[in-house]
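Read the single chain below, which is given as structure tokens and is the form predicted alone.
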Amino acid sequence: MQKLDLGVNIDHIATLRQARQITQPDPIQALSILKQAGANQVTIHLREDRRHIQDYDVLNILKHSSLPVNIECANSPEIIDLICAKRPFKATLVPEKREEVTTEGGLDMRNPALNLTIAKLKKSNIKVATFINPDENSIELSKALGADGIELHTGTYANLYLALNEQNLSHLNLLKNLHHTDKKTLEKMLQDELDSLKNAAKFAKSLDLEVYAGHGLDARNLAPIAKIPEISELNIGHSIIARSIFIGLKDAIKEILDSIQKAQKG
């Protein structure tokens, strides 16, 4: 099994700052902690509505990070131009809706504009990944358009895991379609989604694409994903930042790294 890297998404440090429109907490202060804790990558999402990470965060993080920086972004000409000018290690193209709370699914690879965007990023010597659902058509199109890798959307898996293992979640909109689903059906749905992720990872690797995964992962649910041999990187943000409120950012990262290590040894 290949080494599994951890990219830590620090968006929600900026979310807390933007709630008060002040200067603290500053995401830049997380960089040295990520390095000390053993993370392999800094991940940030520069959204079109700038709800958390701001343009100046991007500039500061790229200037000061000793770890590779992965910028998630929509196919927005303004943002793509900024990324091409600043040349992070990697750009991950994601779908984006102004009204969504968080990314709800994978990128529609049939969008003809992606061809020029990926070519532009590659011309700037930026590694390109596409954030997609686990289906072969999206993987094939990612390869055809010149992406270096794919990031599999694990949000559906994470939601099913939550619905199966937690109680009294009827108030959560993200699980509204699962509230009245019986346990046996949820177990099958979860296994089917995990199988889809495994098959997608294997297919992508057969096309010489790098394989990453992320969205909704935490210390409780990541083991089956971490055991997929083709996946070389997990990107985890919300659960780490949420946990850090109680145990600190360094220990929250180490908790995830320990979970990954245990999963791969098990």
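Note that residue numbering begins at 1 and tracks the sequence as displayed. In this text, all values refer to a predicted model and were calculated from it rather than measured experimentally.
We do not show the form predicted in complex with ligand PXP, though everything after this point is about it.
Listed residues 220, 35, 238, 50 were compared with ligand PXP in the predicted complex; 238 is the one with a heavy atom within 4.5 Å.
This chain lacks the partner; the member of 194, 94, 114, 178 within 4.5 angstroms of ligand PXP in the predicted complex by a non-hydrogen atom is 94. Residues placing heavy atoms within 4.5 Å of ligand PXP in the predicted complex fall in a single listed stretch, namely 210-218, out of 224-232, 210-218, 53-61, 24-32. Although the partner is absent here, residue 11 sits close enough that one of its heavy atoms falls within 4.5 Å of ligand PXP in the predicted complex. The closest non-hydrogen atom of residue 131 lies within 4.5 Å of ligand PXP in the predicted complex. Residues from 142-161 that approach ligand PXP in the predicted complex with a non-hydrogen atom within 4.5 Å are limited to 151.
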